[in-house]
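For reference, the chain that follows is the form predicted on its own, supplied as structure tokens.
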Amino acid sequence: MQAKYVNPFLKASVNLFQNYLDLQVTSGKPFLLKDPKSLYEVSGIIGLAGETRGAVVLSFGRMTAIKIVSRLAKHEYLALTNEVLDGVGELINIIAGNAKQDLLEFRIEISLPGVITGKSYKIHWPEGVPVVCIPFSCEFGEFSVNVSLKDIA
């Protein structure tokens, strides 16, 4: 997968966490996700369709998700409530929407976000397309943004 697909999601993620949530995040070196089940416990997913298709997944550990959504909502959550899950969906929606601005040439449509929880789940990524994982860390813990896109047209 080409950097032209990954960079907009990296930029949108850093913008969201640093500028909107006032969290200092550090991005690690992107790598190919070898085991698609190695995501964290809470993942927001958005499907992308159009001339370029695929998925983007924002994945957090349970406590990291709770703390980051608490910051987003300006309300302290203590457990993985429906409101926290909705917040994770909103975070991936913001990232995908902002990244789309840098991908206009591909005429991408964004699906509604979904949220998956658990210790062992499988996301059905586009077949034969690598998944690029961008690891992040902040004061609330580690998380990742995972991107898998392919050209259709």
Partner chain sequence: MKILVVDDSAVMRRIHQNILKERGIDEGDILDAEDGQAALELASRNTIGLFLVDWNMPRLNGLDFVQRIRAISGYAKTPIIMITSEAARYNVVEAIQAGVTNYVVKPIKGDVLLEKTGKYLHA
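Residue numbers count along the first chain shown, from 1. Only a predicted model underlies this, so the values are computations on that prediction, with no experimental measurement involved.
Just so it is clear, the following notes concern the form predicted in complex with the partner chain, a form of the same protein that is not shown.
Using a 4.5 angstroms limit between non-hydrogen atoms, Gly97 touches the partner chain in the predicted complex. Shown alone here, Gln101 lies within 4.5 Å of the partner chain in the predicted complex, counting heavy atoms only. Remark: Ala73 counts among the residues lining the partner chain in the predicted complex, judged by a heavy atom distance of 4.5 Å or less.
The closest heavy atom approach of Ile123 to the partner chain in the predicted complex falls outside 4.5 Å. Stretch 82 to 90 is the answer when you ask which of 82 to 90, 53 to 61, 114 to 122, 25 to 33 has residues with heavy atoms within 4.5 Å of the partner chain in the predicted complex. Contacts with the partner chain in the predicted complex, taken as any heavy atom within 4.5 Å, map within 8 to 26 to Asn15, Leu16, Asn19, Tyr20.
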